[in-house]
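What follows is a single chain, given as structure tokens, in the form predicted on its own.
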Amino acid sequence: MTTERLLELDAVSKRFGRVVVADGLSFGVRQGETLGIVGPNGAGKTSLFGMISGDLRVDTGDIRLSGTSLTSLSTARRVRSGVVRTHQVPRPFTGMTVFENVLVAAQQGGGLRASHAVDRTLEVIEETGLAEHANVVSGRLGLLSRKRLEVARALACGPRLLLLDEVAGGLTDPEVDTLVSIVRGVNARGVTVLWIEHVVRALVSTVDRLVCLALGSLVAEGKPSEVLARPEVKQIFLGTGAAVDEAPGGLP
């Protein structure tokens, strides 16, 4: 991992009426890094992903990828630039097979054609452990496989920056471990990862740094153990001085 910043947020703000989802946010993600984002419901985490991916327009501030501003680019152009996101609730084409879903992503998101699109589709299906489900209609998949497919579709677009939005939510402990292994593998081959997650153990075992948000503001950032030990972070999550890892099931 280098010290070069792939993604930079510079004083980014966004509000919906009186609700502030980003209040002058400034932080960066280094090339090759895995950065985790935690925060209570309503902290602005998913809205942040929307602003990075182009689903939401910022009110003020700038978002840059390798020094180039993204703020005026459409979602499609950001995908072609290498910024690709997943969603909390998987969004496959339920009447299409796993293979067909990933192939569409490789073609439409990744801009690949013919055998190149097929090759990437097969590689991603193998990487995400979906090979045995390749010909299964996605609407019949279980939760873990739907989560894997959501990641696979994003990877088929050829991301430089992969935005993961609570992909471990609702999974059992062994399923979380499986997903963590996939994310580690993706990062190991050079993809920078920005990961929102309520399953804290998944983040702590994977990310290089952690950012805590609350009410659209940056509360803390640093090594996971240091961030989770800070009194203000404990207060945000638990309303007490208890350790964050004492919360049942991780963060609320």
Partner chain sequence: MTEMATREGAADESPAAPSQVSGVRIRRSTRSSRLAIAPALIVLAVLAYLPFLFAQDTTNTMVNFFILLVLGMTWNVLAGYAGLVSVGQQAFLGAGAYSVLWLAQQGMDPLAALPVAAVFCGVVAIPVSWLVFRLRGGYFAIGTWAVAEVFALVTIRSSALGGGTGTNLPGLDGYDPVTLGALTYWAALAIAVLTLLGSYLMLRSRVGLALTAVRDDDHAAEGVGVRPAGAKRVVYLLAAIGAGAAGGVLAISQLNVQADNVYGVQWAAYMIFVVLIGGIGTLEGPIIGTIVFFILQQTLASHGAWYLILVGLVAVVMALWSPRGLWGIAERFGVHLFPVGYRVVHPEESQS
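The term rigid core refers to the maximal set of C-alpha atoms that superpose within 1.5 Å between the two forms. Quick caveat, the model's predicted, so the values are computed rather than measured. Positions refer to the first chain, counted from 1.
The form predicted in complex with its partner chain exists for this protein as well; it is not shown, and the discussion that follows is about that form.
Does residue 72 reach its partner chain in the predicted bound form if we count a contact as any heavy atom within 4.5 Å? No.
So in the predicted bound form, does any heavy atom of residue 107 sit within 4.5 Å of its partner chain? Residue 107: contacts its partner chain in the predicted bound form.
is_contact(residue 100, its partner chain) in the predicted bound form, heavy atom dist at most 4.5 Å: Heavy-atom contact with its partner chain at 4.5 Å: present for residue 100.
Please run the contact check for residue 142 against its partner chain in the predicted bound form: heavy atoms, 4.5 angstroms, yes or no? Looking in the predicted bound form, residue contacts with its partner chain do not include residue 142, since no heavy atom lies within 4.5 Å.
All of 95, 112 and 123 with a heavy atom within 4.5 Å of its partner chain in the predicted bound form: Verified in the predicted bound form; spot residues all in contact, yes.
Going through 118-151 from first to last, which residues have a non-hydrogen atom within 4.5 Å of its partner chain in the predicted bound form? Residues within 4.5 Å: 118, 119, 122, 123, 134, 135.
Does residue 139 count as moved between the shown form and the other one, where moved means a C-alpha shift of 2 angstroms or more after fitting the rigid core? It does shift by 2 Å or more.
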